[in-house]
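For reference, the chain that follows is the form predicted alone, supplied as structure tokens.
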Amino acid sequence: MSSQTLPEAFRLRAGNFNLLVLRLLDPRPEAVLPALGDQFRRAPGFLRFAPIVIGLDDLEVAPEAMDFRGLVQGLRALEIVPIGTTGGTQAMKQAAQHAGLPPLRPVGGKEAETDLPVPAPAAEAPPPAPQPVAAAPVAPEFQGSGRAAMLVTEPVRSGQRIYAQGADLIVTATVNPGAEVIADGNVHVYGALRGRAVAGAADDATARIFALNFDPELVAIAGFYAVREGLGDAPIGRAVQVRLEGEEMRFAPLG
């Protein structure tokens, strides 16, 4: 009998992803969920279908006092996708794991890198996360002004999220509503910025956002953000530069 080698069907590899951490300060879902829903209703789609990690380090409660299953259900109702936990006691991690939230452990000292989690069996399997949307075509990185940059030459569609890790991001087309562009450095949009732009994602408070047609859903620099309704006297529809001054966001015309 001849043996036949089956073709390789898959490979498991650790990856490096930029994940948001929701640090719980109150253990009650009935306190967290309305506040979270109210905050992001002001920025429609900001966390829509975003994978998020639940931070437990700030909680000092007994594990049985945590309603992880209610928290998971509530987050999914807000179209946020909880994928695991970080921090907390061993008992708290086990309680979260039974609700379908495996513990995530940093690898190599970088919070953005995690081991592949192996979830414990849960009484109720969590629904699958939405399939990621493919990013727009991106040109190879190039060097400019001492910092690498990522170049995107086609419109960023609703539902797309593009992240320039350790680099500036340059978009030569429109960032449509519901799209998100993120950079550890500056964000340049040589078109209409109608979606969300996040600069200084690695806590660089000197990063800036530039847009030739400024009409965003949300802008953020180094964790400080402003939604559409909070842009004040920003020149909407004009060429704008956004920067931080202390903890205040400033909007200045370009040119």
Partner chain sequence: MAQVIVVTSGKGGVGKTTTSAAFATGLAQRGKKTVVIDFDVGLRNLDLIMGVERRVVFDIVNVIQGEARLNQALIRDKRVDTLAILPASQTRDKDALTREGVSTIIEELSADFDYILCDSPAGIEKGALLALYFADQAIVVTNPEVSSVRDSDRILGVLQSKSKRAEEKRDKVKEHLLVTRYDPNRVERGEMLKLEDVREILAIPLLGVVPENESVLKASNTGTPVIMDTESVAGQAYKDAVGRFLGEDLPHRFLEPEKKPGLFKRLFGGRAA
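Throughout, rigid core stands for the largest set of C-alpha atoms superposing within 1.5 Å between the two forms. Numbering follows the first chain given and starts at 1. Everything numeric here is computed off the predicted structure, so don't read it as measured data.
The same protein has a further form, the form predicted in complex with the partner chain, not shown here; the description that follows concerns it.
Among residues of the shown chain, residue 158 is one whose heavy atoms approach the partner chain to within 4.5 Å in the model of the complex. Taking the partner from the other structure, the partner chain in the model of the complex has no heavy atom within 4.5 Å of any heavy atom of residue 188. Put simply, residue 176 is close to the partner chain in the model of the complex: some heavy atom of it is within 4.5 Å. Put simply, residue 91 is far from the partner chain in the model of the complex: not one heavy atom of it is within 4.5 Å. Taken together, the three residues 148, 168 and 238 all stay farther than 4.5 Å from the partner chain in the model of the complex, as judged by their closest heavy atom. Across the options 158-166, 81-89, 94-102, 180-188, residues that bring heavy atoms within 4.5 Å of the partner chain in the model of the complex belong to 158-166. Superposed on the core, the two forms barely differ at residue 222: its CA moves less than 2 Å between this form and the one not shown. Relative to the superposed rigid core, residue 192 undergoes a CA displacement smaller than 2 Å between this form and the one not shown. When the rigid core is held fixed, the Cα atom of residue 205 travels less than 2 angstroms between this form and the one not shown. Cα-Cα spacing of residue 169 to residue 80 is reduced in the model of the complex versus the present form (difference of at least 3 Å). If you compare C-alpha positions, residue 76 and residue 158 are 3 angstroms or more farther apart in the model of the complex than in the form on display.
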